[in-house]
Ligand code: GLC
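One chain comes next, on its own, written out as structure tokens in the form predicted alone.
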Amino acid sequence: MKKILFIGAEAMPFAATGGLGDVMGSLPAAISAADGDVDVRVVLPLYGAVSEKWRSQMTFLGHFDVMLAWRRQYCGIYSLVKDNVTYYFLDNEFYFKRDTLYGCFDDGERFAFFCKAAIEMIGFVGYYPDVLHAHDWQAALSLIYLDTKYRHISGYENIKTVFTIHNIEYQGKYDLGILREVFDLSDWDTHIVEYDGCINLMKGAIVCANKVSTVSPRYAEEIKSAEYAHGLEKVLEENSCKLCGILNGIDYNFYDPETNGGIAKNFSATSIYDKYENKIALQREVGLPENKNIPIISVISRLASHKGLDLITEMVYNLMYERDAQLVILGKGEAVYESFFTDLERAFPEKVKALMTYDRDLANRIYAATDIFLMPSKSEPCGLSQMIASRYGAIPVTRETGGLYDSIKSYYEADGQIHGNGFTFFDYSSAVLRRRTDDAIDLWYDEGKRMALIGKIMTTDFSWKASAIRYIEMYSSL
């Protein structure tokens, strides 16, 4: 039986902040379901945010001490089985009982401890994987420690490694002066992690990994260029033989309009008109006029410029003034965008609702109510929102970059057939975004075309089935 161990900083439904958590919470189960001859396990920190619901199901396996430079730190191990996947939780309250998962001054030390403890745990529980699959910079040191400290130990010598880049913008950069004190690496290891005059943990993982994957094929190509690589293009070009892109999927059990108990009315591709009960429910909830006969446009996003918010702000005032549509924005982020959308709501109180927060349950209700979903990102490694919106019958308007390019293809009609599953554009331009949004609104008002396109969108397969097979093939190639 093949053994795969995932190492990552978050996983749904235990503790998560974004797309990494969605992937870590659903990909392992998809791999297990796709191949009955694989034993998939996951290791992550036991954060304070993990609820009692899950803690009550855990089994305490024991504890050991982790040596990290001059520190000797306690590590407890808990486990539970969910969807045929064993999850290990590493417990150290000093590092992980915080109000937030990330953003602490000592994140480098916290995740160095996590990575060292994860490698030590392999021997402690006697689970020596065939493949160690680490995700993003927080797990990068697990591959570096494996190569620099553990390869000589029986059981560790033949472990193959995969490193997945979910977002290359966040690389784990630190001053070289803390190489030994914080990261427990010697001067002999400097060449592995040093890049551009500092420690770069992502660079070290790329160098150490047998295979480097990204979360979409397009992104794998994009990050070889300076425009997208955030300084790592030379490293990726040198390691291009390791690089591949596999498009993320979404959890079809969680994001299911037919069974989701948190929305006003369940619906499917064969009962699309039931979707509009969710529109009325959302309009009532957020205080917009109740009207099934105008489209709701939504934005569910971290409010940051690379998400294309600058394009939206440049064109949306005139859009609201000129078109008969409503707009709902859900998200938090840069103050300039939060202020803009709050002011936009004041200018159009009957058309716009700005919800400057993030609430997963509310996001699901908005997806279920949305007619047109805007996602004009400047860069997007994969993106899950466009897939979730499609699953709930919203027409996506997206820019042709990263995973958006791989998942959404532009709508057109030929020979009486519908092609594509959304409205796309390439030029990073607010004028082009406005034009494509107008195209989506115009189509929405043509009921026959709208229903045909929504039916096609909702039956586009964004599940993990195909991608899980790609991962299994990649593991086998190692």
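Owing to the predicted nature of the structure, the values given are computational and were not obtained by experimental measurement. Note that residue numbering follows the sequence shown and begins at 1.
One more form of this protein exists, namely the form predicted in complex with this ligand; it is left out here, but the text below deals with it.
This chain appears without its partner; in the predicted bound form, the one residue of Thr401, Ser407, Asn248, Gln326 with a heavy atom within 4.5 Å of this ligand is Asn248. The contact with this ligand in the predicted bound form, taken as any heavy atom within 4.5 Å, belongs to Pro381 out of Pro381, Pro376, Gly393, Gly204.
Checking 94-102, 362-370, 142-150, 164-172 against this ligand in the predicted bound form, the stretch whose residues place heavy atoms within 4.5 Å of it is 164-172. Contact with this ligand in the predicted bound form holds for all three of Gly19, Val23 and Val215, each having a heavy atom within 4.5 Å. In the predicted bound form, not one residue of 462-478 has a heavy atom within 4.5 Å of this ligand.
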